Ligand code: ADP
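Just the one chain here, the form predicted on its own, laid out as structure tokens.
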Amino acid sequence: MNPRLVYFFLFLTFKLSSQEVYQRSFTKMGSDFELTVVADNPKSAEQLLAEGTAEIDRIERLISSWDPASETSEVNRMAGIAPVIVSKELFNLVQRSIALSRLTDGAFDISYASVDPIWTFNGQKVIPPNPEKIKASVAKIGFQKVQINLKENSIYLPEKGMKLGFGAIGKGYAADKVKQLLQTKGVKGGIVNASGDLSAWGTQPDGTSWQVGLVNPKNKNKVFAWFPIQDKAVVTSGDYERFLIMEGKRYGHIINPRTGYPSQGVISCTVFAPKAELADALATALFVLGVENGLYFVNQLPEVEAIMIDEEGKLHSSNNIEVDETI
């Protein structure tokens, strides 16, 4: 999975009451996770945090394209050969991902993964890849080509070399699933922070809202805005840790699936949405669409807001969010 780095700090109010805040940090899916729950005592909190961690492990085994035993790897292996019958959970996730790909007109594309091996985003200077190699990899991308069979619960990638990849939606999905699990266990308030893909519900023990801070992409020690969040997801994508330098220009790690090249013009994008899965996919799509097209798109969507920062450090926001214009 392509890790998204943490762009959020949390104000946590620890107040003596019948319940307190408990946290656990760990690395899963190639990314830093932090689970926060409001619980009655340390013992019950530890059990809840362990169950949340186990749920992330389960999801990773399902969607990881790096695990040869995962259903996703089997679908990719059988590209151009035969359909693969998968679990209902993976089938539904792919079906929703195709719908999001269609909604964004391919700015988010679940089949983007065939282009991944060409680029290395480690902050180093690189020689431009062979354009023919890029062109060949882009030819394999296309959510429209993915064939799903509702009756058989099968997925088929019709061209050899096609791949499904959940790097732009998987951690958001994991955050939603862990939130759902913990809510069924009776957790009244908590946060799942999947390396910047954040889903929150309920409140802190004293009844105040959780607070999320958006980090300045040009100075990670500074927060430029704070927002209260409750029963909402917040996802940020940025280019300030995973990038490369090519011909003297800096490029972030988000690939434009239409061109096969890293997207340009945006250095950070934050999306507020009802679910982290949706916010995750849209954050990637907005990076590709750019500021003008991206915000026009967001303003057509109910319950979705966005803040985008361009290469000059200027802030742009959707209709219902007000922020300073520079950082």
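Counting begins at 1, following the sequence as shown. It should be emphasised that the depicted structure is a prediction, and the values quoted were computed from it without experimental measurement.
Keep in mind that the form predicted together with this ligand is not shown, yet the notes after this line are about it.
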**Request:** Give a yes or no for K179: in the predicted complex, does one of its heavy atoms lie within 4.5 Å of a heavy atom belonging to this ligand?
**Result:** no
**Asked** Is there any non-hydrogen atom of T236 lying within 4.5 Å of this ligand in the predicted complex?
**Response** yes
**Message:** Although the partner isn't part of this model, could you tell me whether I155 comes within 4.5 Å of this ligand in the predicted complex, counting any heavy atom of the residue?
**Reply:** no
**Distance check, A168 to this ligand in the predicted complex, heavy atom within 4.5 Å** = yes
**Fill in**
Within 4.5 Å of this ligand in the predicted complex, heavy atom basis, the matching stretch of 283-291, 37-45, 51-59, 296-304 is 283-291
**Prompt:** Going by this ligand in the predicted complex, which residues of 254-274 come within 4.5 Å of it through any heavy atom?
**Reply:** I254, I255, P257
